[in-house]
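Heads up, the chain below is alone and in the form predicted alone; it's given as structure tokens.
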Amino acid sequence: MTQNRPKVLVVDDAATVRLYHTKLLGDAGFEVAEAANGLEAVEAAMSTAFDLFVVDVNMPKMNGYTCVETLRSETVGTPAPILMISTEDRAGDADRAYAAGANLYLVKPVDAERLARVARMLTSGVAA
């Protein structure tokens, strides 16, 4: 039955955050894969169709903003929703995320119930 579960790619350089988000989304019924930075996320998106991306901002090799821009570019061209979650909470951080192509920007920490609810909302058109 896993073939009907929405596929989520969790992108964060912090292994503990990836583990936390993977566990929460897995328990909420999503099929979850992980990437440790934006470059890995772009590579994964070119070979797998994900239904949602959960992307951090501050990462090595390729930051979250560049990752989102690349995911939205003609090179990758994913139509999947992108949720950015970051500790960055300065004026303009969310605007920069939306300009890059993110659908929603949340500031850490995001509690389990809210993350699951937002993920379901963003993937509501995907069979579950």
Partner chain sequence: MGLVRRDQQPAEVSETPAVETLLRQLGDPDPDRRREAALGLDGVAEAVPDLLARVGPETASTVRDALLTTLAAHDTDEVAEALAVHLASDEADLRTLVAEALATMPGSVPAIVPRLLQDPDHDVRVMTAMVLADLPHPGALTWLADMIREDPHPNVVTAAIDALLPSLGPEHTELLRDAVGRFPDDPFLRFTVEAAVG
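Residue numbers count along the first chain shown, from 1. Being a predicted model, the structure only gives us computed values, none of them experimental.
The form predicted together with the partner chain is left out here; the points below concern that form.
Residue in contact with the partner chain in the predicted complex (any heavy atom within 4.5 Å), chosen from L25, L9, V118, V17: V17. Using a 4.5 angstroms limit between non-hydrogen atoms, E31 is distant from the partner chain in the predicted complex. Although the partner is absent here, A80 sits far enough away that none of its heavy atoms falls within 4.5 Å of the partner chain in the predicted complex. Remark: F50 does not count among the residues lining the partner chain in the predicted complex, judged by a heavy atom distance of 4.5 Å or less. Proximity of T87 to the partner chain in the predicted complex falls within the 4.5 Å heavy atom cutoff. Looking at 47-86, the residues that come within 4.5 Å of the partner chain in the predicted complex, counting any heavy atom, are V57, N58, M59, P60, K61, N63, Y65.
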